[in-house]
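This text opens with one protein chain seen in two forms, each one given by itself as structure tokens under the names structure 1 and structure 2.
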Structure 1
Amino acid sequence: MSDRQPLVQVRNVTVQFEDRLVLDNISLEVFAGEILCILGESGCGKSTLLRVMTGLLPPTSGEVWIMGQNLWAVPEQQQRQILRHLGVLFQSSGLLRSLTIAENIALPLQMYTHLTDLEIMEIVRLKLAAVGLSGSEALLPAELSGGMQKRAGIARALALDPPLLFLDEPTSGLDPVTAASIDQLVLEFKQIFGTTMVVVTHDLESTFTIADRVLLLDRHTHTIIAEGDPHTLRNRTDHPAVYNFFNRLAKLER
């Protein structure tokens, strides 16, 4: 994939909160049409990296380039235009509890477009149908199961048809059957629409199902210690930390 132009480039990003180092000189690329999973133990900086890449947290140093533009070096108005091309699913689904599902999905359309209310509602219905939630427009988030809330969050992330989708722990807190259904939804969007995705996850089963490529962050060094195909990395006996991470499920089952 190195001969292709990346949609996202993270260049030498460091994040530090006072005297606490979270990410140290991180560099990565995301290529069109791939699903890149960012992995690591709790506290390794996965969600922090995602926040830097999606315009929610400025890095202490380094650069983030989105489709050829330096996200943290452009004026605010230009940054907003860059972020318009990103869809984000937050770990808790990010739905506003006081709004209906339809109103939640309509928010980015109201913020970034000049569509009429009728046009917006038609898009809302299409997005809900795409994630298997037709008929849930008038429901509040609390009336949906955890898996349905994740689906609604994905529908909102896709409202503006972004070429880039960022998912923070999409299967977290879900039972295995529901988690598998979210994985299949992710694969469908890649296959049907060619959506490029960055997925932060701790779920190895999900990773082996959806990932084209993975990055493994280390919470001790705050760096990337492995990159590549997850099935290949699972057999890397030359690197104990990498091997142990990818084989922890097998160890637990013994």
Structure 2
Amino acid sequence: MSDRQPLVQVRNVTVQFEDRLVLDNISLEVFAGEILCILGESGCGKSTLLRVMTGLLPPTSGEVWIMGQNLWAVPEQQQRQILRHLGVLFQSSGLLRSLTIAENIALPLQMYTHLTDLEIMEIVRLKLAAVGLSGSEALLPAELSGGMQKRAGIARALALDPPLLFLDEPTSGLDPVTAASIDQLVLEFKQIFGTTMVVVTHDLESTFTIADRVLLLDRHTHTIIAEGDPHTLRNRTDHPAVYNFFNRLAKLER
């Protein structure tokens, strides 16, 4: 993969809340056009890492480079410019609860394009259809099921056709069929738009389906303990934590 451009570079990022260390000196690269899955036990700092990469949480130390610009060193105006190229799905969907689904998805289009309302509504309909939510335009987020909210969140993240997409647990809490359809959607978007994606997940099944490369974060060392092709990692037996994670074994050490 070294021949490809890194779209995102995380360099020596450390995040500490008060005296609680969450990420310790993490470095990683995301290459154009790939799907990178970030795995790890609950509470190991996956969402935190995503927040650092999406401009929501300044790291205690370290740098994040997105498309050749230092996200946390540029002026705020420029930071917003960079962030406009990102689509983000939040773990709890992040839909604005006072707006309808259609309004939620139309929001970034209204803010950042000069399209007419008619065109925007058409795009909203297309995006909703793409995530299988046709006909939910007029509903409020609270009137959707958890899985539907997640899909609506994806539709909003995709509204502006971002070249870089961050998904925090897109399939968690979904039934296997819906989860598989989201995996399919992710793959199709990658194929059609060439979207680069960073996906945080615990869902091994989904990881094996979509990931070009995975990173495994560890809750105890706060670092990346493994990196590579998911199928290769599954068969690695030299690192017990990695083996346990990929083979769904409970930790036996006390």
Partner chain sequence: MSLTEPPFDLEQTDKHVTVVCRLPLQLSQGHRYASLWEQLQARAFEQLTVDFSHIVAYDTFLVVFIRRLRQLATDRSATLQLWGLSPEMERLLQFFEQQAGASQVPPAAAGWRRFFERLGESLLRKLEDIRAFFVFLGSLIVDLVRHPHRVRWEDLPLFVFAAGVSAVPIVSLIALLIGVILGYQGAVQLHRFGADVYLADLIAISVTRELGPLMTAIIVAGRTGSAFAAEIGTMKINEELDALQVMGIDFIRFLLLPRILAVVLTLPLLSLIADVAGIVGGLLTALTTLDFTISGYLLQTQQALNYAHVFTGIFKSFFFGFVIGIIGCFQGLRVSAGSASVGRAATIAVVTSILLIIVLDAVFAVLFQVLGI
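Numbers follow structure 1, counted from its first residue as 1. Since we're looking at a predicted model, the values are computed, not measured. Between two forms, the rigid core is defined as the largest C-alpha subset superposing within 1.5 Å.
Asks: Only one is the form predicted in complex with the partner chain; which?
Replies: Note: form predicted in complex with the partner chain is structure 2; the other is not.
Asks: If the two forms are fitted on the core, does residue 163 show a Cα displacement reaching 2 angstroms between the two structures?
Replies: Residue 163 C-alpha, core-superposed: shift of less than 2 Å.
Asks: Do you see a C-alpha shift of 2 Å or more at residue 112 between the two structures, with the core held fixed?
Replies: Comparing the forms between the two structures, which are aligned on their rigid core, residue 112 does shift its C-alpha by 2 Å or more.
Asks: Is residue 122 one of the residues whose Cα moves 2 Å or more between the two structures, with the core superposed?
Replies: Yes, because once the rigid core is superposed, the C-alpha of residue 122 moves 2 Å or more between the two structures.
Asks: Rigid core superposed, residue 148 Cα shift between the two structures in Å?
Replies: Superposing on the rigid core gives a C-alpha shift of 2.4 Å for residue 148.
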